[in-house]
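Quick heads-up: it's one chain on its own, the form predicted alone, in structure tokens.
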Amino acid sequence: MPLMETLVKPVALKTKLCAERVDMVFHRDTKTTEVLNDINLEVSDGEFVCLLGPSGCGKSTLLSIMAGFLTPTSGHIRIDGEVVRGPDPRRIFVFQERGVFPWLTVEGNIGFGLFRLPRPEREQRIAYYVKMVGLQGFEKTYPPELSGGMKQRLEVARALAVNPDMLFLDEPFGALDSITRLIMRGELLRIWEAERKTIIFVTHDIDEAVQLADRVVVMSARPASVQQIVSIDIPHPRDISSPRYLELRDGIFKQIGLAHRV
């Protein structure tokens, strides 16, 4: 089975997001910086896609364009066939820096976007997501009293509670220690398999991408273009010592010009 594929979406799945000839150039004073160059990509409904590339290549910029926070210099993003012209409450962005509100409890954070719901429905939804992310017993706890991993689970719960169509995650586990990162990857996969939201996840960690994604979009150095798209044809949970896992991971290392060394 070939390691790499061209820009082909999974068969028989509805296209959720389509990036068409996206360029991004920043102008500051007299300096011009070309960040993205001719990005073309399709993401299917319910798919978990990782954007992978070297630090500073433009992954987060592309994610911000997809979420509507930035307008591309040329080209466009379509979601459900409509051009993205700004942020949308149906699509939630989980930032690189943790964004939980320290002055609100766990319950308060999860319920923050649910103020329009009747109180019984709001309380039911809060309880559901508290349980889903394993924070039972911490409902009245404030974020400064939580561990890093618990705060990250809280942010994911808050994002899911508003029932978004899509989740955009920008290196959400980057500040965590290696053991907590492994735990959080498993937690995120468990939640994704239960909810089946479309997820686009930015990372520069090859192991993280291969452990999580249906497909890994390998981006070049800036100005970033899509070098290759790798289908990860291994069921979850993934055995990180299996020959196929190692083949896919090491193939990506070679693709970006690095030989993997233990």
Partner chain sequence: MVGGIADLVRHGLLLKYVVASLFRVTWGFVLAVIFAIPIGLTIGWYRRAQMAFNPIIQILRPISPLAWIPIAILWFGVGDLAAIFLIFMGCFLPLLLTAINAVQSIPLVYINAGRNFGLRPAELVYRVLYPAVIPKLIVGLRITLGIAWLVVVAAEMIAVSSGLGFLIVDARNAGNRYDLVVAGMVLIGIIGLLLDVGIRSLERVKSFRWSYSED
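Residue numbers count along the first chain shown, from 1. Because the structure is predicted, anything quoted here is derived from the model rather than measured.
Not pictured, yet referred to below: the form predicted in complex with its partner chain.
Just one listed stretch, out of 126-134, 184-192, 169-177, 106-114, contacts its partner chain in the predicted bound form at the 4.5 Å heavy atom level, and that stretch is 106-114.
When its partner chain is considered in the predicted bound form, E145 lines it closely, a heavy atom lying within 4.5 Å. Taking the partner from elsewhere, M150 is found to have every heavy atom lying beyond 4.5 Å of its partner chain in the predicted bound form. At the 4.5 Å threshold, heavy atoms of V100 reach its partner chain in the predicted bound form. Taking non-hydrogen atoms only, E139 never approaches its partner chain to within 4.5 angstroms in the predicted bound form. The contact with its partner chain in the predicted bound form, taken as any heavy atom within 4.5 Å, belongs to D88 out of E121, D165, D88, D80. Taking its partner chain as positioned in the predicted bound form, the only residue of 46-70 that brings a heavy atom within 4.5 Å of it is F69.
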